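Next up: a single chain in structure tokens, the form predicted on its own.
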């Protein structure tokens, strides 16, 4: 289905949006692309983002307010480089910004910063979350008030370096009929500053009840985890990475297993695809990005939004991303 999408921040390059409604407004937490001069490579070194801005909207067709810099690499005590995709959660009067950042040994960890306001500025904790690794933290609050973090990304996201939450001497991606490397889910502690348990692997099953394989590039997980709930079901969505789709699977609880359903968004112009899904004023929306405004430069992405619609059976209508 071809749906018209709106560019939200035409004067700057923003990508990887996380979206939430706080205090009746919709808040967007994107990564902030910039021209770094670093050549493209599979480690993602050309995505050399150094700060975050937070945006808000009172209406989906209305003005987009830029609240300015919310957090910078230089303000984080354990920082090395590269602030990639972030997310924000609220609890007990505080807002918690979760961010992936390479430490001073060039290993991605996930940190947390705190603010009294959804737009920040956010004050980082002195150390990353104990036991954290890889990228793309997305936080989902269930109806019982419990919060869960979903995270992980291959290639530059370093997930292939880990097995059972332990770093390995050699990175292994898997291939063919080997199991696909999974996203992770972990329940957050009551104070929102740490993990309340060991992260668990997310299983995505095909139509025959079999786990997706590493060779199933059109459907298997690569990065960009997101969770939302619709009509009592849990929708786990993600990017397939090198096949450039946003896909989704449905389960009965936050941990899964999840049964693969289909494609939310076909490929956009630009290599990466990363998203957030949110209900706002009675309608559902998909926030994502492409590289049309930058002339296809994959490291200079632009933030977009379009309406997301469901079929009567709860499946999501596929949206045409306008790419290949």
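Values in this document were obtained by computation on a predicted structure and should not be read as measured data. Positions refer to the first chain, counted from 1.
Another form exists, predicted in complex with a small molecule; not displayed. Remarks below refer to it.
Each of 47, 84 and 223 is positioned with at least one heavy atom within 4.5 Å of the small molecule in the model of the complex. The small molecule is not drawn, but in the model of the complex it has no heavy atom within 4.5 Å of residue 288.
Using a 4.5 Å cutoff between non-hydrogen atoms, residue 112 does not count as a contact of the small molecule in the model of the complex.
Although the partner is absent from this view, residue 261 stays clear of the small molecule in the model of the complex, with no non-hydrogen atom inside 4.5 angstroms. None of the heavy atoms of residue 304 is located within 4.5 Å of the small molecule in the model of the complex. Listed stretches are 117-125, 89-97, 164-172, 134-142; the contact stretch with the small molecule in the model of the complex is 134-142, by a heavy atom cutoff of 4.5 Å.
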